[in-house]
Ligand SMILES: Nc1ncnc2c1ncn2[C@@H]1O[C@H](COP(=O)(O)OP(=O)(O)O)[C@@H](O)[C@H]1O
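Encoded as structure tokens, the following chain is the form predicted alone, with no partner shown.
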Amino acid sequence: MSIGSFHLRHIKLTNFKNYTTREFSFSDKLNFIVGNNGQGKTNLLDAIYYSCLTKSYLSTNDLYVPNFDSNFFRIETNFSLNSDKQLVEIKYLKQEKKEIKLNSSVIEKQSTYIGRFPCVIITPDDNSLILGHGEVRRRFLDFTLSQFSSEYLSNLMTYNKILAQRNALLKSFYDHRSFDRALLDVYNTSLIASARVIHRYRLDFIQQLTPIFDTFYRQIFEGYETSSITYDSELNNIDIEDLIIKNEDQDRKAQRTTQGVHTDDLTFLLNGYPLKKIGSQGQQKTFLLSLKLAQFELLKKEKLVYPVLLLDDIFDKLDADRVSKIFKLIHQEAFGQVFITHTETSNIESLITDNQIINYNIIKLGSI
């Protein structure tokens, strides 16, 4: 299996978060972004993520992305994909539709763009994957699989749209003390078809992810711990059509669709116990790093290029031994372009010296 090359060459930001106007050029291997807190290290990673997936990793709404003094932002990114130059331009103006251009051509549907430039990000906020609600873990599945497959993304968008319409219909039935079997069946049919595709992709993804995750976990943490990931879905035990029929009375009373792939979840275990209850900060961080590196590996296998890897403050709360192991992992040929944020230039310089790194770039933000 031959893996192609993919990396960012240059990015220009205009009114993106704390950046009024700023340009950056990058090494095609290791890039260290160094600065004190609040100087824009994470925002630069988020801009790269936005270029790849047309949305912020940290802001749920584009309204919060422009600089405080502006009502618009612009990102211009030069990619190299298998040696072909790719120019991405993203423009956003409040109250207007976001415009995305690839090589000067407007992208009409984001589903045709997402997955073209694969990307994996690891940030301190990822602890919500362990400590947060199921919605956060479903988002992890959806963001990953949307990069894998336009079929998955298309069915996910259809499912979410039909789910909202079905819920509105159930509420209308309740409010008006009415019931329309034929209309409900129309929504059921569409919901069922999309749910089957979504469940199939998620189940297959977790089955592939688990052994790769386990390998990474053992590489980073050499001990006797056992870790596992379980995909929890009602559809593991019952077909979605039977589930919809079974829950119809309950749905009508609740005025919403009570079960389906929108209630799926993941369970993370350490030595057979919930990770969020027994795992130390170091153990949780090791688990998350292993999870995201496994995500990276599967994307690489599926897209046949090295995804861009964004690592935000990942060395915090890890001992020196684990930091060394992680750094040696990402410096291998199995990884392509990597971006790492840190607050201490001296620590980065020590890692560069100790590992005899040649291909790198250090970007210093502010006065450090």
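These numbers were taken from a predicted model, which means no experiment stands behind them. So that there is no doubt, residue numbering starts at 1 and follows the sequence shown.
The discussion below concerns the form predicted together with the named molecule, not included here.
Is there any non-hydrogen atom of residue 60 lying within 4.5 Å of the named molecule in the predicted bound form? Heavy-atom contact with the named molecule at 4.5 Å: absent for residue 60.
Contact of residue 65 with the named molecule in the predicted bound form (heavy atom, 4.5 Å): Flag for residue 65 set to yes.
Does the named molecule come within 4.5 Å of any heavy atom of residue 355 in the predicted bound form? Residue 355: no contact with the named molecule in the predicted bound form.
Using heavy atoms and a 4.5 Å limit, would one call residue 14 a contact residue for the named molecule in the predicted bound form? Residue 14: no, not in contact with the named molecule in the predicted bound form.
Given that the partner is absent here, state which listed stretch (48 to 56, 35 to 43, 300 to 308, 323 to 331) has heavy atoms within 4.5 Å of the named molecule in the predicted bound form. Only one stretch qualifies here: 35 to 43.
Can you tell me which residues in 101 to 134 come within 4.5 angstroms of the named molecule in the predicted bound form, by heavy atoms? The stretch does not touch the partner at all.
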